[in-house]
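The chain below stands alone, shown as structure tokens; this is the form predicted on its own.
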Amino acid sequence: MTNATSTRPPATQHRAASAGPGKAPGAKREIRALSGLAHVSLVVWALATAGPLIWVVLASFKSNTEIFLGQPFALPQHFSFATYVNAWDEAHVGRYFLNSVFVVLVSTAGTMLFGSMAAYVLARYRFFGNRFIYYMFVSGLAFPTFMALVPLFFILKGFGLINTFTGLILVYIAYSLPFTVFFLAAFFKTLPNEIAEAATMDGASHTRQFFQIMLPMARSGLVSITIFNIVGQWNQYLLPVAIMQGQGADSKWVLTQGIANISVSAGYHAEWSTLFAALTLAILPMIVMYAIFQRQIQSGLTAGAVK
């Protein structure tokens, strides 16, 4: 009996043997080139993103003369926090900052409570109208915010909620619910059914299952969507402008309104260092939050993608 490999023509065996090793070095060089290009692109993107932020922080320690007449990218002559004190007190940034903290904390808590409960029911229970309700929530992602400003204003005015924290908090919750329900519904579907069934056999009610069993299991997803909601509500400008109509230091403006007021109210006599100090106060909390919860955000995004 002849060996099967011996029937192959010698020329074919030579080409098969030489094809793999001959192309391997070229493939490795191509992979290294693409990897190097990717790293260069990431460095350029990081510089383009971090460069303006670093410049804003440095400019917050400078005077108007240093900003416009000195070296724009040079270090400040003196690292003084006088501009921050001026922004916090005289420009009322402290009041606006605390207003934003209060509104965002309460609205994020409400968003996560109602959004997680709605997402859990839509993901784990089957009933008539389930898909319709889910798609109604998801449709809010495709609805531009500015299209709802006029009817939203008159609805809040009818309830006496214009220029109130209550009105702004309710609007923030409604504004954040579509993405929260969409994200958490997909996440709750990945949780094992066996644990819920075991809890039911042990006599746990639906409410106890949700708060004591399912929510702790969905911790990574909850942390991720909480961070996204905090950042989105903290940076929101259009909705507060339409709802909060107060003026001056006694108003209930949030931080984004206060910063915009600093930039437009002074005209040619604007204190740019004060403006940059206010911007730094608005930026730093979000950077610190991302730095602290970076791992939780990444694990939450990947955990909901794999069942």
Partner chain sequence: MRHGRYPFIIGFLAVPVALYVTFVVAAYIQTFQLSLTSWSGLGPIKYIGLDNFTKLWHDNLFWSSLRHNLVLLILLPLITILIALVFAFLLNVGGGARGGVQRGVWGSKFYRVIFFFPQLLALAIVAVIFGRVFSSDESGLLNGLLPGEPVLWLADQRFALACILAVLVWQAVGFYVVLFSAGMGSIPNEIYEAAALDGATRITLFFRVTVPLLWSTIQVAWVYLGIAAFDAFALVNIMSVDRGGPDGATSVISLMIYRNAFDYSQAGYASALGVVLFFLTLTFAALTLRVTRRDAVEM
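Computed from a predicted structure; not experimentally measured. Residue numbers count along the first chain shown, from 1. Between two forms, the rigid core is the largest collection of C-alphas that superpose within 1.5 Å.
What comes next is about the form predicted together with the partner chain, which is not displayed.
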Exercise. Taking the shortest heavy atom distance, is Pro76 within 4.5 Å of the partner chain in the predicted bound form?
Worked result: no
Exercise. So in the predicted bound form, does Ala198 come within 4.5 Å of the partner chain, heavy atom to heavy atom?
Worked result: no
Exercise. Counting only non-hydrogen atoms and a 4.5 angstroms cut-off, does Gly140 reach the partner chain in the predicted bound form?
Worked result: yes
Problem set entry | Residue contact check: Ser80 to the partner chain in the predicted bound form, 4.5 Å heavy atom | no
Problem set entry | Of Ala218, Ala185, Ile173, Val104, the one that lies within 4.5 Å of the partner chain in the predicted bound form (heavy atoms) | Ile173
Exercise. Which one, Phe97, Phe114, Phe165, Tyr84, lies within 4.5 Å of the partner chain in the predicted bound form by heavy atoms?
Worked result: Phe114
Seminar exercise, completed: Contact check, 113-127 vs the partner chain in the predicted bound form, heavy atom within 4.5 Å, ordered by sequence, gives Phe114, Met117, Ala118, Tyr120, Val121, Leu122, Tyr125, Arg126, Phe127
For this session: State yes or no: after fitting on the rigid core, is the Cα displacement of Leu238 between this form and the one not shown at least 2 Å?
Result: no
Exercise. Is the C-alpha displacement of Thr280 equal to or greater than 2 Å between this form and the one not shown once the rigid core has been superposed?
Worked result: yes
Problem set entry | Thr256 C-alpha moves between this form and the one not shown by 2 Å or more, core aligned | no
